[in-house]
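Given as structure tokens, the chain that follows is alone and in the form predicted on its own.
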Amino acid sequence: MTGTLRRIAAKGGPFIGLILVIALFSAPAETRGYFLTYHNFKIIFTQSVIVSIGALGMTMIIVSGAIDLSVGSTVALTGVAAALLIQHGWGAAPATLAAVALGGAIGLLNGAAVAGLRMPSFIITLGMLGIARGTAKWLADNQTVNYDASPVNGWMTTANPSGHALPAGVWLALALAVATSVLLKKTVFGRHIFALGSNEAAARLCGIPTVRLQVMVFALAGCFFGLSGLLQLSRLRLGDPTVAVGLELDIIAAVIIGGASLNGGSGTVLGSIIGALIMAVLRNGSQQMGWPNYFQEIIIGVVIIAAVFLDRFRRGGRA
């Protein structure tokens, strides 16, 4: 019986969690009339995009046995940099490439320090958190960066003329999720990431270039974080160096809720996307219920602890 429960938890835990939180906010009379509407789920999907794309990069990092605490600061820095470029006449495509490249460069620095210096990823990325945030404030001169109208502004809007079409950011997140899932499941690179997170010493003995692999994982994840920064810019329509404080906690929570293990070696893209949706549903439903922010934070904290407990329960079954 316990083995069956563990298998259910391993395979369907995130799905069950998503169904439960949707049911939680669908039952009360205060939210029943609006919560289960297409328009509200369109808002939820849009609100989950930034965390979802960040969770794709974080999934690779956590599966490899590391962690990145600099995500929020990277999002702020890339958003400010893209806003400054647009302000100076750059088009949407060059600004997007620049934001992604900047995020990748930050990830490259993180990965080089973690793998090359043999330092804990927690410490390195905690330091980068301060460096990237300070650089964002310096570039923006401690104020928001405004610019004229840009095509970037329409990528995260829910005010579509048709009233039904999902924003471009949602489709982009779905496409990247499929591509990342294929990368992790169907390629040698993806299998090496799982091997690295399961047992780094054994992976090295098997001939896997663990140092180069870890640098590549952080750099690729940084590209995802840079894209999240650009979509944050699209959502706000200005560059704000103080934005996304604590975003890394939401992203890490989404990945853990989705079934990844902080010990490395396990995790799925689908689970991380569902985890991001759970976070978005919790925030959306809490706001509709009129619950204060501190109560929302308590609920999300409880969900994170429950997800970690569920992970230990699953791993206990494998042991």
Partner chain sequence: MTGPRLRLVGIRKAFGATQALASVSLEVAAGEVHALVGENGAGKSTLLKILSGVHEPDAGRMELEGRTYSPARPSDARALGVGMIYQEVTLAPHLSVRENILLGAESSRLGWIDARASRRRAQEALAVLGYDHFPLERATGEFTIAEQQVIEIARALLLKPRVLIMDEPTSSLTKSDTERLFGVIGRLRAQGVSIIYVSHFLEEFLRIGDRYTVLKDGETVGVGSMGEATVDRLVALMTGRPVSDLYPRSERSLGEPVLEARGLGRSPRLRPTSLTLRNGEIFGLAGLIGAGRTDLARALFGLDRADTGTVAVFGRPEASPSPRGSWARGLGFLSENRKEEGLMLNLSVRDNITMTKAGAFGRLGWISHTRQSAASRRWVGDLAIKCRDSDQGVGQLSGGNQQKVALARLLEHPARILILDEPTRGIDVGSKAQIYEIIGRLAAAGKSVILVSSYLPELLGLCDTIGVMHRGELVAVRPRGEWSEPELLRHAVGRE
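Numbering follows the first chain given and starts at 1. If you're wondering where the values come from, they're calculated on a predicted model, not measured in any experiment.
What comes next is about the form predicted in complex with its partner chain, which is not displayed.
Each of V182, A195 and I208 comes within 4.5 Å of its partner chain in the model of the complex, counting any heavy atom. Just one listed stretch, out of 83-91, 233-241, 198-206, 97-105, contacts its partner chain in the model of the complex at the 4.5 Å heavy atom level, and that stretch is 198-206.
The partner is absent here, but in the model of the complex a heavy atom of V188, alone among A175, L117, V188, A149, sits within 4.5 Å of its partner chain. At least one heavy atom of G265 is located within 4.5 Å of its partner chain in the model of the complex.
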